[in-house]
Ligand code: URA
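Only one chain is given next, in structure tokens, and it is the form predicted alone.
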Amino acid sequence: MGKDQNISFLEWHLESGVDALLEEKPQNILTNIEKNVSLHNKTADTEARKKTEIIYPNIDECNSLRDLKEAIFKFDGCNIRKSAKNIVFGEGEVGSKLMLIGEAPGVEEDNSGKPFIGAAGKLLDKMLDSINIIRSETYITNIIPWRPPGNRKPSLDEIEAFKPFIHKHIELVKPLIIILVGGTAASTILENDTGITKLRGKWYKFKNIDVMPVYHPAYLLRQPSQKKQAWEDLLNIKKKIISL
């Protein structure tokens, strides 16, 4: 076959849609496709992890509540702060025997920058007063320091994002007893998915600290029939404080 015939032969194949010559060994094109899909998925997963990776300040270097508040204020690994007016860090003294941890700020707290000052906060004050505890002698904070948009429940991602901060918060306050106010605080600190109705009123340990989950005052405002159980929990807390 002459040179011109070879060219004509190749052109005829191209016009017929043939874009590759037969090789000595058969090739499985599906295998190549699977490899390309797998490589694409791995690349996509890597890029997704890069986008969702949370960069924290050096929390271990926070030696005071002021340091921790500044670290939280600078932390931009969670968008929940964008809709909030003020950071609601906490209130009280380092070394307080009793530390109370709630879920997240509401409207009143967001406006003032102070935890538990709305209707639920007023009920909490009455609850503490009923067992002769003065609010100023406790330390109060929340799992999430920023008000969620629309007062919604914090998402699991938001809770996980701020978990290192609340752990450091506890370390700096050095309480003897922690009261977990509501289901979100209880599940976050105890890392237990059991509902608050089963967790409440029982003592647990968090890093050698006595911990008790209780109903959130906001829940008691909606379900006043549960105040009897809440009162039993308060008496239990009072006994623990006296024992210390």
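Values in this document were obtained by computation on a predicted structure and should not be read as measured data. Position 1 is the first residue in the sequence shown; the rest follow in order.
Quick note: we don't show the form predicted in complex with the named molecule, though the next part is all about it.
- For the chain shown alone, F116 is a contact residue for the named molecule in the predicted complex, at least one non-hydrogen atom being within 4.5 angstroms.
- Taking non-hydrogen atoms only, P145 never approaches the named molecule to within 4.5 angstroms in the predicted complex.
- Though the partner is left out of this view, A104 does reach within 4.5 Å of the named molecule in the predicted complex, counting heavy atoms only.
- Residues with any non-hydrogen atom within 4.5 angstroms of the named molecule in the predicted complex fall in just one of 125 to 133, 95 to 103, 71 to 79, 155 to 163: 95 to 103.
- Residues are counted as partner-facing when one of their heavy atoms sits within 4.5 Å of the named molecule in the predicted complex; in 213 to 227 only H216 qualifies.
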